[in-house]
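For reference, the chain that follows is the form predicted on its own, supplied as structure tokens.
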Amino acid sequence: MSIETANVIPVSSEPDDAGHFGPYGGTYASETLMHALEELKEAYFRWRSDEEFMARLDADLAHYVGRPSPIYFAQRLTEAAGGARILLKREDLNHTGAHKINNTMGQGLLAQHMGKKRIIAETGAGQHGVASATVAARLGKQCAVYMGEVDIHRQAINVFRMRLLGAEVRPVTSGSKTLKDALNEAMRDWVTNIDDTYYIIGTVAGPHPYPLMVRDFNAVVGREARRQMLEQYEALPDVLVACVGGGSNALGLFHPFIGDAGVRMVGVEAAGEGLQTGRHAASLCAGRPGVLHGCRTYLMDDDAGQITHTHSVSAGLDYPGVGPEHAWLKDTGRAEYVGVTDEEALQSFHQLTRLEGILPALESSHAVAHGFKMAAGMRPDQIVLINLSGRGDKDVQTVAELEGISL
């Protein structure tokens, strides 16, 4: 998309003082958490405007995380699609192998400035758990990571990585034994240990200020991408594509482009075995508004209002809700949301690996699958930029088991 034709969309992407994006967001939390959330809000708004704090974060992102991550032209994938150029924002090249470290670096520094001695986190695919354990080790803090029993099995490599880093991995055996339940248990821990514990939420969900804070720390991805596109291609991308579970990697990419009318933004949810089957994790495609984990957003529930079990081949997308800003972007029409099935994601996992020598996370494979499909129907002079949010080493065991291979 030519920068000369980039009109500005007057869509507000900032929440009000109570953390609402339109009718979504807010603070739906127990009285015992309100003081901790207010303390966090005050600390975040203080330190994000502190030049020394931000300079330390920028230095850590550059020299510890390895930013900026490059934009890569996937030539063979583009040739296979036969349409628009496909570019990948290589978040898989970050230290710890995913975009999650952007947020944990920021929140880890905030925890340090708040004088918290202990860090807790929840994780599904394990990447946020690894990133939280990494930051805790670097800052010399205790760390406990809550993880569903199902995810512990399918992400065994990341579980061992967390333990190597000194974190305690606490299995969650309630509910569906996946990400939703891990978040529930982490919340319970926080309520019990508010004085000395900092809870690093891994996505743009939860009560205010988490959706705003996590987005802001991840928006480094979109700021870099925007600058890199103008420097390398003298144009903005025609389409941005990113997978959406809770939605942090997608908002990290989307946010700096929200005002650019000519840039389409497409979030890709986990359609699992198909939206019609009910075995999926596509809250925006097939859910409805409600309250989950401290905020109002789109979620998956039954007629009695009970949260339903989700399914995805990718542990990181196996969540029955989504960040409230995504709900707002859907309702305003600024972003589009689609579903990609397990089968399509697995095909894309193999395709990118064979054509480009890049092993994508199963979460990212959903975005690659839809980005490839979009590129095939576009002109060769157009550009699709896909956020490759993580690398696929962690998913090798899952893929092998699905294909009947014993490692």
Partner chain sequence: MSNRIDRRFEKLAANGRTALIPFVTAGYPEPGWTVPVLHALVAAGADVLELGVPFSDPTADGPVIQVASEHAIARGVSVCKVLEIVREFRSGDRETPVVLMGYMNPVERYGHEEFARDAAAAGVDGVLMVDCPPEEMGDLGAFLAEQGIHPICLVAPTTTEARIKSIAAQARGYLYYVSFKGITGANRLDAAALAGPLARLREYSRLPLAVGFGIKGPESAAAVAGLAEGVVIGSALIEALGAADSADAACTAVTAFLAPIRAAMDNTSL
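It should be emphasised that the depicted structure is a prediction, and the values quoted were computed from it without experimental measurement. Positions refer to the first chain, counted from 1.
There is another form of this protein, the form predicted in complex with the partner chain, and it is not shown here; the text below is about that form.
Remark: residue 333 does not count among the residues lining the partner chain in the predicted bound form, judged by a heavy atom distance of 4.5 Å or less. Contact check for residue 227: every heavy atom lies farther than 4.5 Å from the partner chain in the predicted bound form. Proximity of residue 112 to the partner chain in the predicted bound form falls outside the 4.5 Å heavy atom cutoff.
In the predicted bound form, no heavy atom of residue 167 sits within 4.5 Å of the partner chain. Only one of the listed residues (154, 215, 180, 280) places a non-hydrogen atom within 4.5 angstroms of the partner chain in the predicted bound form, and that residue is 180.
Of the listed positions (175, 259, 82, 171), a single one reaches within 4.5 angstroms of the partner chain by any non-hydrogen atom in the predicted bound form, namely 175. Judged by heavy atoms within 4.5 Å of the partner chain in the predicted bound form, the contact stretch among the candidates 123 to 131, 189 to 197, 85 to 93, 243 to 251 is 189 to 197. Along 296 to 324, residues 296, 299, 301, 302, 303, 304, 305, 306, 307 each place a heavy atom within 4.5 Å of the partner chain in the predicted bound form.
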